[in-house]
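One chain comes next, on its own, written as structure tokens: the form predicted on its own.
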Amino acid sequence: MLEVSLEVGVGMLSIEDIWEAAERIDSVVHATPVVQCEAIDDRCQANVLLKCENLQKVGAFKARGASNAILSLSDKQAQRGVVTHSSGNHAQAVAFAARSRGIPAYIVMPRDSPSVKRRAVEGYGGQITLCEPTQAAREKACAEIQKRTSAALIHPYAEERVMAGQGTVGLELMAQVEDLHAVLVPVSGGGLVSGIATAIKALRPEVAVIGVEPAGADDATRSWTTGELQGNTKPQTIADGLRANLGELNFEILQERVDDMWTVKEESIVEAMRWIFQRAKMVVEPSGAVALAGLMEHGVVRLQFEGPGRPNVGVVVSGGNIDLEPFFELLLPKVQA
């Protein structure tokens, strides 16, 4: 039985919150597999355990947090519906979870959100409101919808019910892999890394939790390094799901429970996507490949592994929602020729 550290979770998100979330969402989401690819292991000089949230409901870990938050609402709260803002994966997750409960979902999305994600939100019955691609515009649109509908806000990352749901990724990984040296997690608003770090540090505090984010959207790294919450004004990265600013509560958890923060180049993200597509045979979006990009760019040396053999490194593949229509359009002329 895993021993629980009693020092973790005092005054903020706790392992108990995550256990409750796991029970609440058990029948709604998948327990995703851990996949290993020999070619990726050799490339990274590590035993790379890919935690495949790209195979989760709605194609991303976001289904966990949204489902936990929406299932936690009272019937009176739920009947007014839910509202959120998101560039895509959380939007899909809220629409999915709301449909599962039979309630309205009002979704604010930036105008530059990928069309594949917009279509998915509409497919789950979400009512989309488009806004300018800024944090202020998102929050303003949400506030207007809340005032009109009294819908419950399901924040993408800065609330404990969402973080607890995301933390179930860490619970599963601990149960699936006995001997881990480190876990690499993509970071944007911080909900996923907050939940995973809480679970891991409660169950196996010796396992290093490392957050990874694009160099062009590095507010979490700057915040973690300086000890002061910082933001991005104009994030520049192909990882569209990692452009949000770190939340205040998430920042506090990062400071306490995350061991290191890495940034990665855009070229490294593309390289990681290529390896997952070609060698692991899985579809992954840029945001979903960022954690593997961190291992490929920085190498096991930065993990400070001193044991015999190769380290066992958990890598969260966080999403697989990518628009493949251009690829199929390129193929069509060849088929018709």
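Start at 1 and count along the sequence shown; that's the residue number. Just so you know, these numbers come straight off a predicted model, no measurement behind them.
Quick note: we don't show the form predicted together with another copy of the chain, though the next part is all about it.
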property	result
Proximity to another copy of the chain in the model of the complex, single hit among R279, R43, H298, R310 (heavy atom within 4.5 Å)	R279
Among 131 to 139, 105 to 113, 262 to 270, 175 to 183, the region lying within 4.5 Å of another copy of the chain in the model of the complex by heavy atom distance	262 to 270
Contact test in the model of the complex: E325 vs another copy of the chain, heavy atoms, 4.5 Å	yes
4.5 Å heavy atom contact, D26 to another copy of the chain in the model of the complex	no
In the model of the complex, G294 touching another copy of the chain (heavy atom, 4.5 Å)	no
Contact of N54 with another copy of the chain in the model of the complex (heavy atom, 4.5 Å)	yes
Whether V34, L71 and F251 all lie within 4.5 angstroms of another copy of the chain in the model of the complex by heavy atom	no
